[in-house]
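Shown here is one chain on its own, the form predicted alone, set out as structure tokens.
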Amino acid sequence: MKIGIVGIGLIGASLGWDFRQMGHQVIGVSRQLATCETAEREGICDRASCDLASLRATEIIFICTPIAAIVPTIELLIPHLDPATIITDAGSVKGAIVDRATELWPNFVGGHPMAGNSESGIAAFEKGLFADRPYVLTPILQTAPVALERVAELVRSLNCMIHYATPVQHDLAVAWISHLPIMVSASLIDACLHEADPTILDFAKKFASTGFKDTSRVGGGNPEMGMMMAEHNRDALLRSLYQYRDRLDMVIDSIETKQWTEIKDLLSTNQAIRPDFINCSALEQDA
């Protein structure tokens, strides 16, 4: 199969590598010539260029650009493609993309690989990044069944855990487990930086170990990505932030009133429930 990838960063490059190992031909497009040269040299793409017209003969195209560039990229692609070409994306927000993209291109399928790290760019790509990770497809009533099945078949070959959800369901869910953690983590770092005593702040930096490393990782990641999540998934993110604030206020109240049993019960419940969020073993699930 001839596969096109627009945006050869962490996700796009990781997809390209994996697909090439399966025998697919991968054609990449990036705004940066240096990225294209790296993609060819590292075996991520068979060919890579800055020209969207190079994707004319591809059968499926993965758009792995920042969220704000996904729909504009589809608009630029339209003159170059056969109507049978399937387009999918890797954006972490779907409500702002799927309806408009499907209007522009009937063979569009919304997608979101739930994989990555705090780094960005082609240098951060990982071989086998998607194995055993969730990959969400977000069809709507207008989604072409044949296009959905072809994307699902290709995604399934990555050995990921494929899930189906509506764009709204997707955005509400990722607000909890992806976008909220970024804002909470960023706020943790910011709160520490506002410690009024410089000596205490200096000690905090020197004492920081695994606990701070784990909880601050996503808040110290790509600023552009976090900003776009907040902008394009604003309503769902605010919903989760308000509920998080309510729960945090309850914790503060329990500590102020010395309700230690309530704190213990909260921590015990969390200890028991946390594996449900990180140890999902189902290979396929309809949401």
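All values derive from a computational prediction rather than experimental measurement. The first residue of the shown sequence is 1; numbering continues from there.
If you look for the form predicted in complex with a small molecule, you will not find it shown, but the lines that follow are about it.
When the small molecule is considered in the predicted complex, Ser92 lines it closely, a heavy atom lying within 4.5 Å. Val218 falls outside the set of residues with a heavy atom inside 4.5 Å of the small molecule in the predicted complex. Among heavy atoms of Ser240, none comes within 4.5 Å of the small molecule in the predicted complex.
Gly121 belongs to the set of residues with a heavy atom inside 4.5 Å of the small molecule in the predicted complex. Not one of Leu55, Ala57 and Thr88 is positioned with any heavy atom within 4.5 Å of the small molecule in the predicted complex. Ile70 is the sole member of Ile61, Val26, Ile70, Ala39 with a non-hydrogen atom within 4.5 Å of the small molecule in the predicted complex. Only one of 245-253, 222-230, 258-266, 40-48 places residue heavy atoms within 4.5 angstroms of the small molecule in the predicted complex, namely 222-230.
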